[in-house]
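Subsequent text provides structure tokens for two forms of one protein chain, presented individually as structure 1 and structure 2.
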Structure 1
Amino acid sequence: MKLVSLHRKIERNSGLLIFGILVVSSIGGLVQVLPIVLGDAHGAPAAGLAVYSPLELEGRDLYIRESCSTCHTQQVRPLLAEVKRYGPYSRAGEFAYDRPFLWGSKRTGPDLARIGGKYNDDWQRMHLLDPRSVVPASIMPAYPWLASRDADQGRTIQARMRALQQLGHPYSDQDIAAAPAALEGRTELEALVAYLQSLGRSMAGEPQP
């Protein structure tokens, strides 16, 4: 058996085994993942996509801190029922400033990709503080602590914006210098609501299919 005798060589040489596994397991990633990561087609921002303001960025980082994405997706699939329910389907260009992406993998709650503007700020605040006050059967957790905590308690907004600037987000040095003032006196609740209201706005002008 040629196969078996070839394999005898590999399984008697640990260096060869390691090398073999490395090569064979890399092929898929090199052909499938690398072109997308290096190409521009899926990384370029959509026309009209704005970078997150300091308050929205703070809200987004709170969304990550509370792991809202374990229950909420941000991805409308191009299916009729889904577009009817949530709005225009998602395009790659909308997510160019999302680090990390927050598409999620489970809809315990509804999709939030088009939530911006669906409710007013008051509703959003009430809902976050006690979801059952507006949706009696809701199984979403309440987030009462958001109201009593100041946004950016750790005073890290500038460090965070600078990190994103280095990754290529179009923040100017002036934007970064002005950021702490923009968060002054705001609560975590306001920041999170600002983020939610920003979701889907770059598609506001898109016609409903």
Structure 2
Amino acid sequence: MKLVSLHRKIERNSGLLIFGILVVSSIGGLVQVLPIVLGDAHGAPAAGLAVYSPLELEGRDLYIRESCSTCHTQQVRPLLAEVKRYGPYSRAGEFAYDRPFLWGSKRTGPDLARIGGKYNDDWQRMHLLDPRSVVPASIMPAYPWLASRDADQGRTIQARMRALQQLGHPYSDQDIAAAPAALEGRTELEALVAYLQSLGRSMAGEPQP
């Protein structure tokens, strides 16, 4: 009877009802969030995962600049149809060095999580410059300006790598010092191709579940 009386009291008092909803929602949220925040396994890099090279890091920023994640996801879900089409499903450890994550949510184009090594560099260059030259039915726009623009025009690669170093990415001071030379004479097209070819490399050769 006491529980029934308390239930009726809460139902009739909007303030108590709102408070109760907030308490229950907070508990549910903490149960989901705390294991991820406090657990080391979720943030540990996958075996074989390496930080992005200066050229790949530049390409990743170009991928963000050109809004590629608007049409392409980078997450293979653990569903049979997805695994058969794209390869092994995505694991948390694959994204330890991704800031921000580029999982995406809409697939106007195919998922790119396992695109690295699927095609050679020449195919990737042709696809970016003229998508319909290699995929006649493609609706992807062309990106011809990438071939005429120098990589790292703002000369910010070292600052970006230092920031990532502070966040725990294992870049050495020597890596950062050598970064401008690694981008010297390279185009944005080369950088974006290098980034695309790096995707999924930590899962290369893993059998499908």
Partner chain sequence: MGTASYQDRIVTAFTACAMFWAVLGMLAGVYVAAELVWPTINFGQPALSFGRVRTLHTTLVLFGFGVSALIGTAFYSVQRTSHVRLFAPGLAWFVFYAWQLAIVLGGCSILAGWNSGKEYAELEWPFDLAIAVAWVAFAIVFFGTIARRRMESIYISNWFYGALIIVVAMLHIVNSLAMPATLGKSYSLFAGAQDAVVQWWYGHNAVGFLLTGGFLGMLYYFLPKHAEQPIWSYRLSIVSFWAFVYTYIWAGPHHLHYHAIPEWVQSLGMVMSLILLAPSWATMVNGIMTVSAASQKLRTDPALKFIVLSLAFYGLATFEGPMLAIKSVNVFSHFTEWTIGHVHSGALGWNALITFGTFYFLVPRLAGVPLYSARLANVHFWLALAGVMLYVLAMWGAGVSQGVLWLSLDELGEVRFSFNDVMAAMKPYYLLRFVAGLVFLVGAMLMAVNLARTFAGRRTIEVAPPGSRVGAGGRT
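Each residue is numbered by where it sits in the sequence of structure 1, with counting from 1. Only the largest set of C-alpha atoms that superpose within 1.5 Å between the two forms is called the rigid core. In this text the structure is predicted, and so the values were computed from the model without any measurement.
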**OP:** Mark the structure, either 1 or 2, that is the form predicted on its own.
**Re:** 2
Original post:
Rigid core superposed, Glu11 Cα shift between structure 1 and structure 2 in Å?
Top reply: 17.0
